[in-house]
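As a starting point, one isolated chain is supplied in structure tokens, in the form predicted alone.
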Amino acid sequence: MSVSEIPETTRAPLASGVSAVGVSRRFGSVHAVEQMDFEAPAGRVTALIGPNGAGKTTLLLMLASLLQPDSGTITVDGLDPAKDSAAVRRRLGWMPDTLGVWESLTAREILVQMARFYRLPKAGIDARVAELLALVRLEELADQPARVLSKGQQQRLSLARALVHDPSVLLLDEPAAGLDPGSRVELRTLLRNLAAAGKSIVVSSHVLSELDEIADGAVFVNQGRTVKQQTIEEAAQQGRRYAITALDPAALAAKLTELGLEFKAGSGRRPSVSLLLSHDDGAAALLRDLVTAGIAVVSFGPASGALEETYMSLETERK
């Protein structure tokens, strides 16, 4: 049974990691979050996915203990933020979608000040800050004011700031925004390593292709509610659309028709076709059949990621 199939009344909070059960929050007459459920176990990266206005940021703020829910329960490593906010915040690393503070201070000064806020031992602060600056590749800019940093550099500094006290839970809102391709690869590697070290990592992002490479599971939200929770393995097995290009598009179309497969023809310099396949085994079998039939296949691969396929199917159901 998947998490989304467990009745709310029987679902227990996680002993470690982050859990929200039936949380709601309204602003005046607006129900930003309504009876939302969310789980992010320790040792895993959990993606938070939904359209603009779905309640993602409001949920993250509640998980970070920066906003109190009107109802429902939240636990962080088994602790209730409403009852023990200080202990919860010691366990949390929060990375908002913008750095947004102390732009006149240097990157090094910002990290030193954050280390002091978290009461790290004074003797070890300089070494910790140097370690983090190296981790996010900001050593050469360490003594530059934060305001001169590019968007991507500010994102890297924001991540270092969230990690300064070695939290067990990381809440990241659009962490890849503004990063160049190389930095995105480094971010994926870093988050996977942090999860392997036992941390619970929550990533909210609109770049679903990135999340396919980072996440172990995903929670989909819309209109303030949880609409689906699934693992990456479950997402991969539900089927997704593949794109195929061949030297002879007519021969490819004929073979797909012979195999009884429905497909859509695309346009472009070298037209491709797309079709929905139920699982990766089916994709492998189709590629084998095409090559065996002498079809000169130029490219064959998913036209969308597994999580994107889930997202689009949920959007279709909603409409």
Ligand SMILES: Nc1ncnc2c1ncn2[C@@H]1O[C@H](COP(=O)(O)OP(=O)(O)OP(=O)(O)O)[C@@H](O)[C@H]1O
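All figures in this text were calculated on a predicted structure; none of them were measured in a lab. So that there is no doubt, residue numbering starts at 1 and follows the sequence shown.
Another form, the form predicted in complex with the ligand, is not on view; read the next lines as being about it.
*Asks:* Out of the stretches listed (285 to 293, 38 to 46, 257 to 265, 25 to 33), which one is close to the ligand in the predicted bound form, meaning heavy atoms within 4.5 Å?
*Replies:* Selected stretch: 25 to 33.
*Asks:* Examine K151 and determine whether its closest non-hydrogen atom to the ligand in the predicted bound form is within 4.5 angstroms.
*Replies:* No, K151 is distant from the partner.
*Asks:* Verify the contact flag for D216: yes if a non-hydrogen atom of it lies within 4.5 Å of a non-hydrogen atom of the ligand in the predicted bound form, no if not.
*Replies:* Answer no; every heavy atom of D216 is more than 4.5 Å from the ligand in the predicted bound form.
*Asks:* Is L63 a contact residue for the ligand in the predicted bound form, using a 4.5 Å heavy atom cut-off?
*Replies:* No, no contact at 4.5 Å.
*Asks:* Check whether H206 has any heavy atom within 4.5 Å of a heavy atom of the ligand in the predicted bound form, and answer yes or no.
*Replies:* So H206 counts as contacting the ligand.
*Asks:* Among E234, E174, D212, E186, which has at least one heavy atom within 4.5 Å of the ligand in the predicted bound form?
*Replies:* By the 4.5 Å criterion, the partner-contacting residue is E174.
*Asks:* Counting only heavy atoms, which residues in 56 to 74 are within 4.5 Å of the ligand in the predicted bound form?
*Replies:* In sequence order, K56, T57, T58 come within 4.5 Å of the partner.
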